[in-house]
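One chain comes next, on its own, written out as structure tokens in the form predicted alone.
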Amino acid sequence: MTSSRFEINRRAALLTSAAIAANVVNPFRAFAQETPRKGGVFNVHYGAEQRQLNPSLQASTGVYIIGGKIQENLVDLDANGQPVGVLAESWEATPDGKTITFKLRKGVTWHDGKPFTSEDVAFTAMNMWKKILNYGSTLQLFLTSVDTPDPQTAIFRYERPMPLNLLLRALPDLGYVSAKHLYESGDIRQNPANLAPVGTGPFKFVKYERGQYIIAERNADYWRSNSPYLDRIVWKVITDRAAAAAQLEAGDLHYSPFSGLTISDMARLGKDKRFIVSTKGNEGNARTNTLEFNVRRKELADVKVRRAVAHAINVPFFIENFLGDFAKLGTGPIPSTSTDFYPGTNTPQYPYDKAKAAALLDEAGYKPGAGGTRFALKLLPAPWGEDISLWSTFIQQSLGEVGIAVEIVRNDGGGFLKQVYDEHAFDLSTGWHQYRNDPAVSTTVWYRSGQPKGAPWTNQWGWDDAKIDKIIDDAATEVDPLKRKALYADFVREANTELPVWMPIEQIFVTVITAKARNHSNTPRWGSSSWHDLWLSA
């Protein structure tokens, strides 16, 4: 890979990793004891619209970054990464794991003035989390009912055991509640509230101007006393990463989340005392770069071809030259950051071996034709980060060297989600898989069959494997921690053997934020959290 573009980005990547590392050592500057300042507008870089703002229906950092300030979850994570109540005050489970009871917070109202009750929780769980929400549909597969004996009690009943720790780890992302009175009539997916959300959170939706901005303002009736501090949040739609960096430097933006800038711009801003560039606050969203195979395509239905593709790509070279210190070689769908479930490296792996890739393609019956081409594929990269764009180009060049011609088709966020997860109009796709504390939250859905059509970041590859489905279901309902860990090791082994999705790179998101921000990055999923305590110094 010797193109000038790749050489330029290689140098920028190495500079970036050094610059960010310097800030990660001490990502927060020392400030004298300060009194929180009321008021101010916090301007946020929003790089890819997803045509959805309701986090009860779509689990995505691109939705949480907005919807997570307007709607609230039952449970979130505290500064130490432990579950803490939000709309739920307490919870308990029966010994058999089949009944989990939540006691809900009193005195909470929706932004339209209606009271928040257990009826909202029951409706959301049964009609959104279980039926529509990507990740939620698998998590809540065995949920049979939610009883509401009084307005402050929601009793979840399961056909098979639901480990309480799993549910509490899942609810920060998969436990946002929507108002029953706004959704009980009509098509939930087409409800106008999905783009003009009504919640219980610290900020109230004001306006969404497609392609330009989204505005939310302070909720004066918020249940947390003296919160929020900010008057308003404005999310500015800026798809050009260099333009977003320029607006940060000009003071027109305060925050760019989730590795939203170019590698070279993060390097420059990491040296600028006006900004903090860090992975802090993203620990709960470790991610892997993916390569997904649409097995409806004849060639990709053959596991030999999928393995050949993996062997054809020199992942260590790509990491070393383009991603630097904040990426490492991945070994499967459960990353090394998962101390409870990581199975180690003793699972099938696909080291770079161009000769082996060619031999596997020959064995599969796809020998080079005229000009050395075996067959052609269409690759759709997600538009979330520069690393995905670079990775897709690297894939294209690597596969070309073994006779697979790759056409890259780029879309905006909504177009990518529709073509890959709803229309299945792709051969290969690449993006990010985000690991959220437990494999059952947002990982196994990439492999479990039976996902609702159109559900993002789920198995829409046409791949169906009864063996892995059983492992996934057994692990999700196993209450013994050691047995669960063993089952997830089996899951990784089977996933890496069949390879419907390849996850060869691990990373953590990078945040760029103004040094004037206070109470930022103080939880493991801060970018997705409510920002009820965020404020700006003068």
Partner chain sequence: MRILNLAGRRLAASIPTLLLILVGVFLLLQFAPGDTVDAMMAQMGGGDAATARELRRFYGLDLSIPMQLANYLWRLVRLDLGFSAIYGKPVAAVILERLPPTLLLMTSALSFAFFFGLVFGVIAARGVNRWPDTLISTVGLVFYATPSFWFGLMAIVVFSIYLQWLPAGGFEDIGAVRTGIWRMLDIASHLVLPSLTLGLIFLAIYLRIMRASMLEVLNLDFVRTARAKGLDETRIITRHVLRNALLPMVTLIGLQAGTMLGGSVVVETVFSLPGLGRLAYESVVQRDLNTLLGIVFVSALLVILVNFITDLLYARLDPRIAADS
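Because the structure is a prediction, the values reported are computed rather than measured. Numbering follows the first chain given and starts at 1.
If you look for the form predicted in complex with its partner chain, you will not find it shown, but the lines that follow are about it.
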Taking 4.5 angstroms as the cut-off for heavy atoms, does Thr279 touch its partner chain in the predicted bound form?
-> no
Pro456, heavy atom within 4.5 angstroms of its partner chain in the predicted bound form: yes
In the predicted bound form, does Gly211 come within 4.5 Å of its partner chain, counting heavy atoms only?
yes
### Contact label in the predicted bound form: Met503 to its partner chain, heavy atom within 4.5 Å
no
Only one of 164-172, 256-264, 409-417, 198-206 sits within 4.5 Å of its partner chain in the predicted bound form by heavy atom distance, namely 409-417
Give a yes or no on whether each residue among Thr101, Glu119 and Asp221 has a heavy atom within 4.5 Å of its partner chain in the predicted bound form. no
With the partner omitted here, the residue among Leu300, Val402, Val108, Val234 that in the predicted bound form has a heavy atom within 4.5 Å of its partner chain is Val234
With the partner omitted here, the residue among Glu92, Asp112, Asp96, Asp187 that in the predicted bound form has a heavy atom within 4.5 Å of its partner chain is Asp187
Those residues of 38-65 with a non-hydrogen atom no more than 4.5 Å from its partner chain in the predicted bound form are Glu49, Gln50, Arg51, Gln58, Ala59, Ser60
